[in-house]
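Only one chain is given next, in structure tokens, and it is the form predicted on its own.
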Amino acid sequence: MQEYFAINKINEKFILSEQDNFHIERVLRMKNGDHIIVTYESKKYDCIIDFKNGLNVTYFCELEVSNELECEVTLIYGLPKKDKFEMVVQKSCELGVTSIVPFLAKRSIPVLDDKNTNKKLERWNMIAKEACEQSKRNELVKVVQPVKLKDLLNYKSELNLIAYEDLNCVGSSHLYSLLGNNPKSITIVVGPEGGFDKGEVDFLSENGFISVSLGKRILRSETAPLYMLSVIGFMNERNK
């Protein structure tokens, strides 16, 4: 069944975005009495649509389902070249990330000004919304404004990890042992294509971030966050 995130609820009626209304009416060409699933304030509802005096999305029943990880995961990702960030946003949402923080690392290639930053941010959040709907999430993932190194401390969690390529030779057992403690919130930091500048790693290490290896193989920048989220998801749900 098609899923959407509502932007508001008035009595028994859910309010969807104009884009979602267009999708229902013109793309899917739904009819009176068709059902959709609407997510609002982390809860999912089976809803009926009709077209009396415009499109109406009306509450039918609440669904007792949660598709979220039991820990919150913040991904801080050094901005890469071209459209790699878009792919990471999409797949991270599918894998259960809670929020995504673009990081203007020293070795990040993109040069952003206010105009193209706002345009990219709008696109990134649209990609996140569509990925959350596709993967039937209860929570809508938000991509925030790109930040600099000192601002990363605003996104610390119970467990704070750096995927550091210089540790690849030591294996990933440390990562598994840290996740085995079942933290309630995790922040992971991944660098851009050129990796971290040593000063960035030193700064983060001095402020409570732990460097971990992702195994013996060298992963591409866009692969590393997806690997970490996959491991976190497995560890979080292994006994479910």
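Position 1 is the first residue in the sequence shown; the rest follow in order. If you're wondering where the values come from, they're calculated on a predicted model, not measured in any experiment.
There is also a form predicted together with a small molecule; it is not shown, and the following applies to it.
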item: Site test, G191, G194 and A224 vs the small molecule in the model of the complex, non-hydrogen atom cutoff 4.5 Å; value: yes
item: Location of the small molecule contact in the model of the complex, chosen stretch of 61-69, 31-39, 45-53, 208-216 [non-hydrogen atom, 4.5 Å]; value: 208-216
item: Contact residue in the model of the complex, chosen from L95, A163, L159, I100 - any heavy atom within 4.5 Å of the small molecule; value: A163
